[in-house]
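First comes one chain, alone, set out as structure tokens in the form predicted alone.
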């Protein structure tokens, strides 16, 4: 008899909890939302975030305020998000490499990929291997053949994940490349166009330079829309970089709040101003539902684990 009373009481408590949770979700959002962007103002991600926040404000009916929290390659802002209350009032606009590669390879980072709720994908960075016209190679296949005949040609990388992927390719193809570290696209571009390096990793900046740069391979799971003839690393080696960016919340976000945010993002990426900014930077829209976003993250972790182990970033 006592057991029945305890079970009944537990059931009543659970029912009350679900009713309260449902009521809170029904009122959401009722106050301004903070959207963390873990990068400095003025960059591509922050620029997209500012325009996206205005579209979300229209579609959610409350202010969505951008707060930049730069540092640690995105880790500082993402740590703030991971430690925030999962009520939908603190979200982040971020590339998923920050939430996958960084905690996988940097022990000092205190969050894990599982500390986040992936709400909706927005767009896709255009990571690729690029060269310039006039070289003895204009395709990835020709680059590999040239590399085997000319050991030690220079490749620019940006450290971390890009270096790991470049090294992974070199290991798979048994070629010897001399790595030249660069501090972002701002340094890579003059190195490549000035002939200081033979080819380079690009996070997408190459698309601003038209025919001055040639895409040799996509580092994504898919080919780049503006370079459909260049193969992807997924096709060739079964691995891909995490190129998607989107809206993320802390772990434990209620399902109905997640659904409301997802729906708002889906509408917001078609906002004329957001469409214009993507056209200007030449990044494609890539809406991912929560379910699709979860699957992309799961697939990404498999790829990154394979590359990180093969290149000594993890054991």
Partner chain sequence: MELEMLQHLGAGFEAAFTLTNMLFICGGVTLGIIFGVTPGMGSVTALAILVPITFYMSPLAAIAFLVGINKGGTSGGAIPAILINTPGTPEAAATALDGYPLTQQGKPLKAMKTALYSSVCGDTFSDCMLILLAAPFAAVALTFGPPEFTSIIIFSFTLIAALAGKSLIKGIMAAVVGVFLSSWGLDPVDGSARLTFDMVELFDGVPLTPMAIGTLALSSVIAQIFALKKSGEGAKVDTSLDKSDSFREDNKLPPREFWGNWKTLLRSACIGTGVGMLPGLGVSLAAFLGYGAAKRGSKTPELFGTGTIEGIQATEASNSAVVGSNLIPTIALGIPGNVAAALLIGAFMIHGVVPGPLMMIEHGALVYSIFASMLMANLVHLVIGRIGITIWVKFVQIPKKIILPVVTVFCFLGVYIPSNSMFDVALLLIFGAIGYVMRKSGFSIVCLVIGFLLGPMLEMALRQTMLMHKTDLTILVTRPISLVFLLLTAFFIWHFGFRGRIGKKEPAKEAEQAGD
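Predicted model only: the values in this text are computed from it and were never measured. Numbering follows the first chain given and starts at 1.
Omitted from view is the form predicted together with the partner chain, to which the following refers.
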Which of 202-210, 87-95, 235-243, 129-137 lies within 4.5 Å of the partner chain in the predicted complex, heavy atoms considered? The stretch 202-210
Is every one of 123, 172 and 278 within 4.5 Å of the partner chain in the predicted complex, counting heavy atoms?
no
Please run the contact check for residue 226 against the partner chain in the predicted complex: heavy atoms, 4.5 angstroms, yes or no?
no
Taking heavy atoms only, is residue 145 within 4.5 angstroms of the partner chain in the predicted complex?
no
Residue-level question: is residue 70 within 4.5 Å of the partner chain in the predicted complex, judged on heavy atoms?
yes
Applying a 4.5 Å heavy atom distance criterion, does residue 112 contact the partner chain in the predicted complex?
no
Check each of 189, 82, 220, 215 and return the one that places a heavy atom within 4.5 angstroms of the partner chain in the predicted complex.
189
Partner contacts for 143-180, taking the partner chain in the predicted complex and a 4.5 Å heavy atom cut-off:
152, 154, 159, 163, 178, 179, 180
